[in-house]
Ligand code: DP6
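Coming up is one lone chain in structure tokens, specifically the form predicted alone.
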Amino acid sequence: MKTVTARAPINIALIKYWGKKDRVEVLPFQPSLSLSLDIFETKTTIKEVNLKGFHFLINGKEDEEVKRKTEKFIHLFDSNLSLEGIQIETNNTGPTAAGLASSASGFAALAVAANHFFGFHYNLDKLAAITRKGSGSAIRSLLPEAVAWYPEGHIKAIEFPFDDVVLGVIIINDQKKSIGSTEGMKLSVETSPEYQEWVKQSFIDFEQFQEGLKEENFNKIGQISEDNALRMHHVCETTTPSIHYLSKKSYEVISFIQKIRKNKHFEAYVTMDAGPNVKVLTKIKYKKQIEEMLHHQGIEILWSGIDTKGAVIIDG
């Protein structure tokens, strides 16, 4: 019986996506730029089974809500597509719905698997247009390394000139966040007095970040990433009702990294998505010392390299 398996990496935006100007087509107000990481990924298998109906498992368990989302997503390829006798199994190696981009890797892997299994073989632009309707940030997990996503909807691979960069993940809380990104974005767009300024600054950050890449200026891209993330969380906190993805512990970790940058002159910068977990962008040469200093504070860090494969078929 036919079986196809695809994998896709998580991605962490260094220039953030927060807000849709078109909720149907899932087009962002601002450009974003991410790194695909090799620390966590999603593997998704689509196969024919001798069972009636459509079957779905996530991390080995049934989940009716995710099953409905998956079925809806598959029908974006073709609304008349039959899922009779089809089973989809998806497995995340990292926490799900905790601000660690599991939906990005999940929908990217599902899109690539479905494109191949059902024989559509759409090109990248067409596949990206479908993928972003599952999860906006999933569009960036289709490609490896550095990826830009533009307000017009398309994605593009960006030259990332550093081969000595790592990203550390500090898991503050791996539980499902209290308010999802889609709902949070909508509220921010509608109610935050800081939102328009955030969009304007994001365009500036996006251009300056790319200048930093061309200049191979790590400190420049690190500072832009940190500032952009903190501005996004400020927008969340000025939303009505106020959204607090970052916890007291998150802010303690952020402050600690900022202090060692200042006092130890380490090239280390923080970034945070819509969740409490903190990521540290730094160079390989600082890795051991940062790890030891955090350990003394009772904080553990997981290190990731940059993913070089993107979303690909690995079997079938």
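Numbers follow the displayed sequence, beginning with 1. Since the structure is predicted, the reported quantities are computational estimates derived from the model, not experimental observations.
Below, we refer to the form predicted in complex with the ligand, which is not included among the displayed structures.
- None of 135-143, 217-225, 162-170, 79-87 except one has non-hydrogen atoms within 4.5 angstroms of the ligand in the model of the complex; the exception is 135-143.
- The ligand in the model of the complex comes within 4.5 Å of no heavy atom belonging to residue 188.
- When the ligand is considered in the model of the complex, residue 192 lies well away from it, no heavy atom lying within 4.5 Å.
- At a distance threshold of 4.5 angstroms between non-hydrogen atoms, residue 246 is out of contact with the ligand in the model of the complex.
- Among heavy atoms of residue 253, none comes within 4.5 Å of the ligand in the model of the complex.
- A heavy atom within 4.5 Å of the ligand in the model of the complex is found for exactly one of 182, 201, 210, 238: 182.
- Shown without its partner, this chain lists 268, 274, 39, 46 as candidates; in the model of the complex, only 274 has a non-hydrogen atom within 4.5 angstroms of the ligand.
- Contact annotation for 225-252: a single residue, 232, has a non-hydrogen atom within 4.5 angstroms of the ligand in the model of the complex.
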